[in-house]
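The chain below stands alone and is given in structure tokens; this is the form predicted alone.
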């Protein structure tokens, strides 16, 4: 019989979520598309939900995560700051290390 451990991690600050898998996916989509609106469409979520997620990240972070330009004739845009890009890399590494640890811990169950 084969077992799997299921887990999700997120990082909080004063009971507000800074990062989780959904927020990181949104940040990656913003980085790829250059737009919050396009990122929301790519992730199949509403613009309002995307805006709320990004707002919560920016409010919980030590520094701005995105640089936003207001829409208009040419449209607005959003790009990640270096700090935002660093947060993504750090979260991905933490998540990977967490899964490696959990996989090793699962061996304890499989040995029984």
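Predicted, not measured: the structure shown is a model, and the values here were computed from it. Numbering follows the first chain given and starts at 1.
Beyond the structure shown, there is the form predicted together with another copy of the chain, which is absent from this document and is the topic of what follows.
Another copy of the chain is not shown here, and in the predicted bound form it never comes within 4.5 Å of any heavy atom of residue 43. The shortest heavy atom separation between residue 36 and another copy of the chain in the predicted bound form exceeds 4.5 Å. Contact annotation for residue 52: none of its heavy atoms lies within 4.5 Å of another copy of the chain in the predicted bound form. Although the partner is absent from this view, residue 60 contacts another copy of the chain in the predicted bound form, with a non-hydrogen atom inside 4.5 angstroms. Annotation for 16 to 44: the only interface residue with another copy of the chain in the predicted bound form is 18 [heavy atom within 4.5 Å].
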